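One chain comes next, on its own, written out as structure tokens in the form predicted on its own.
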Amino acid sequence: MQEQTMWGHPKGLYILFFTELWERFSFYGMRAILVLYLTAQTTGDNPGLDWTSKEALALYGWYGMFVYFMGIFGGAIADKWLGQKQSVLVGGVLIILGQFSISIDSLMTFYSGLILLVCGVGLLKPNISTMVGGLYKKGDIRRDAGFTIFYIGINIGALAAPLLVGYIGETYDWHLGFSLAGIGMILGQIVYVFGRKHLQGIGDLLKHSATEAHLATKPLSKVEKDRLIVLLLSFLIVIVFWAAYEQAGGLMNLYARDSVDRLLFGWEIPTSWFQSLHAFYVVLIGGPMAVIWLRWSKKGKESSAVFKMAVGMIIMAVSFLALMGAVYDASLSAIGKAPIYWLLLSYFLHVVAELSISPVALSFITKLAPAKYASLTMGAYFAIVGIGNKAAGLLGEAAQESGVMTVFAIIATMCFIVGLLVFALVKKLKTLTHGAEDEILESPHDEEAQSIAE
């Protein structure tokens, strides 16, 4: 069957684009108000649970860990029983049930909702990403551009969610905000169900013959083992990156509420709105950064995935230097609050780092992972993201004792050291990939990909 394309990419990409857009609207809407709801007082017109910041950040860390850690089980379920396509469908239903459970004013339904969300995202997230990779044949340069387009879709949802869910939840009713996040996931499911005709042959459960089943017990080759070593090392980078990045929904969220001057022409910006900054910057600079990296590689300069990750870690370190500047400025301020521009700068640098690491890592996995473990490997990646989320929660908790300046300095130092170490290992790690990325760079679709990215 001839591939159906739209703007140079398979039509299925845009079905997955909009499905993930609404799933991320649901996820980031809930994320934007979770710690704010937990720490809000039980009195007043919009009561919360009146937890301490440390308790709220602890739950935030555990939730972030499990919601991604379940991806490894979601990948295994897809590989063995449901297939990726059906796993995405079932995961979406569980997410809808979870969001509406949270919206009920009851601790029992709140915790039940979190469990449903963990299971739902665990099924959906790794499998929809693997399906994006399945849209492209081996050696197709459009794969990286496709993941960038998909990633921009993620961030359109993440941009809208804090503005809408955050405003409704923070200003009117927390539970109404959680319900709005659930409605977003319903829209995502509608897109997915009616658009599956463009995903024929993508994400189906593979039926293996007796011969294929015998080969599936065959040991990994040396090339596959070497590539797995590179993936494992890249996973360590990912842990540190997400431990830093996920301060946004936890410690930085509370810091913005308590220690940043949010007054603009006499109006106080809702705290949750700052959760849109990441996504806004991704949508703004995602395309230009893809073009920059493509042109960089066409000039013959170092542009491997590992190199990009090293660059991202250094930039992430600088973003926390900006936050240290905010803490210093606040200490000198008469009102004890930092100017808003420090937060805007830090979020911008977060996103430059993110675009050098996160979509690159997703594409990297689809290039290096053994085919028979595709979903499982993607699930393992999200499990690693979960560990990073838990580390982020622990760092946030530590700030309640040692202070934000100390924690911001620790994160900056940690990212800088990891970045330097990866720079030193780029050549060795490229050798261990056995040309997996070279096959992509030499694709005949190169010119088409640049025009698409632009």
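Numbers for residues come from their place in the sequence shown, where the first is 1. Note that the structure is predicted; figures quoted are calculated from it, not measured.
Absent from the display: the form predicted together with a small molecule. The rest refers to it.
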Site check I154, F382 and V385: each within 4.5 Å of the small molecule in the predicted bound form by heavy atom: yes
Which of these residues, Y28, Y60, F69, F408, gets a heavy atom within 4.5 Å of the small molecule in the predicted bound form? Y28
Answer key: of D144, E170, E354, D79, within 4.5 Å of the small molecule in the predicted bound form (heavy atoms) is E354
Flag F320 as yes or no: does it have a non-hydrogen atom within 4.5 angstroms of any non-hydrogen atom of the small molecule in the predicted bound form? no
Answer for R24 alone: is it within 4.5 Å of the small molecule in the predicted bound form, judged on heavy atom distances? yes
My question is simply whether W242 lines the interface with the small molecule in the predicted bound form - judged by any non-hydrogen atom within 4.5 Å. yes
Among 133 to 141, 146 to 154, 364 to 372, 305 to 313, mark the stretch whose residues have heavy atoms within 4.5 Å of the small molecule in the predicted bound form. 146 to 154
